[in-house]
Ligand SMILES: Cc1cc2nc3c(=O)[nH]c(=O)nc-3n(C[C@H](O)[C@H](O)[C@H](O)COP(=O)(O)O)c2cc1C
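Let's start with one chain on its own, the form predicted alone, as structure tokens.
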């Protein structure tokens, strides 16, 4: 199941040069299996035509407040009743001002005036407009009323200048909408710390020892934890994965970097999930200069790295989850690791199985519980497995609360 299966999204498009990027947002929402309906201002039609969105969504685009045929002038109500989330992408200074001051002089602004579901907006305008005190005051008004503002990005603008005001990346907008559309919110108020990706242990200034972890599983867990309402910190080793929306990301390189960063954020966490593939060994000494080719063989003396998970377990957070990635006799090892590291749950996967392992979008895992239960999950997308892991985390938190009460 995708992240937005069955969720109904109304996307409002206004007259910004970045309106063409709304097509990418619609495509991303549909890929997540959302049902999307689009309403456009007449100004938006100067930048992109409604036929594009009709083709993408399979629905006619709503433009006129009083269409000559069809709906009898009540489409603003119908769209609001239909929607689970309303998003304005891009949001111009004009529509932001209308929203803040309760003005409704076209279909989109009237839809927004009737909105009683979660609503977000993605501002896009030149940095001079964005920095105008009136625009900033209007956005503060909307934030205080509970609207979610997807902050604009820094970069090249339409007139060739560089500055704030670029529309946020379409994949970030899709993630923000997914968070608003998830009605569960069963991790709201919880703090979750997650590690992901490999580490890189330097041999010399040029070379290092690493592993094949892509970080996809850990990043998926961070996305789902944030989607379900948690305040998430992600400590990530070297990986090309993009930062999940709404997640605080700390980028590190070596196992020692990861150790220091994890423990810097450890206090006060409700849940810690160690999904990173941290090196077990590192070169005992790092050469100051590049090691030149010379002798037929080269011997590297290695030393153990610190066991981050074991050290966390010594002052265990309410919920502690580990991973065991193995190639042979892994199930027994995972069971022992569950005991030795004092874990509440361990996620075991055999990377030799087709469809599991590194740098792929799917995985095949077994969830091992403290009470001896073993749950084998079928081959699924990593984002789906991440959601299943968060189900177990929520259950563990509720069990502990029941015991304490």
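Numbering follows the first chain given and starts at 1. This structure is a prediction, so every number in the text was calculated from the model and none was measured.
The form predicted together with the ligand exists for this protein as well; it is not shown, and the discussion that follows is about that form.
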Listed residue (94, 138, 305, 80) with a non-hydrogen atom within 4.5 angstroms of the ligand in the predicted complex
94
The ligand in the predicted complex: within 4.5 Å of a heavy atom of each of 17, 47 and 106?
yes
Examine residue 266 and determine whether its closest non-hydrogen atom to the ligand in the predicted complex is within 4.5 angstroms.
no
Distance check, residue 41 to the ligand in the predicted complex, heavy atom within 4.5 Å
yes
Taking heavy atoms only, is residue 173 within 4.5 angstroms of the ligand in the predicted complex?
no
Interface membership of residue 200, the ligand in the predicted complex, 4.5 Å heavy atom rule
no
Given a 4.5 Å cut-off on heavy atoms, tell me which of 315-323, 204-212, 117-125, 252-260 is the interface stretch with the ligand in the predicted complex.
117-125
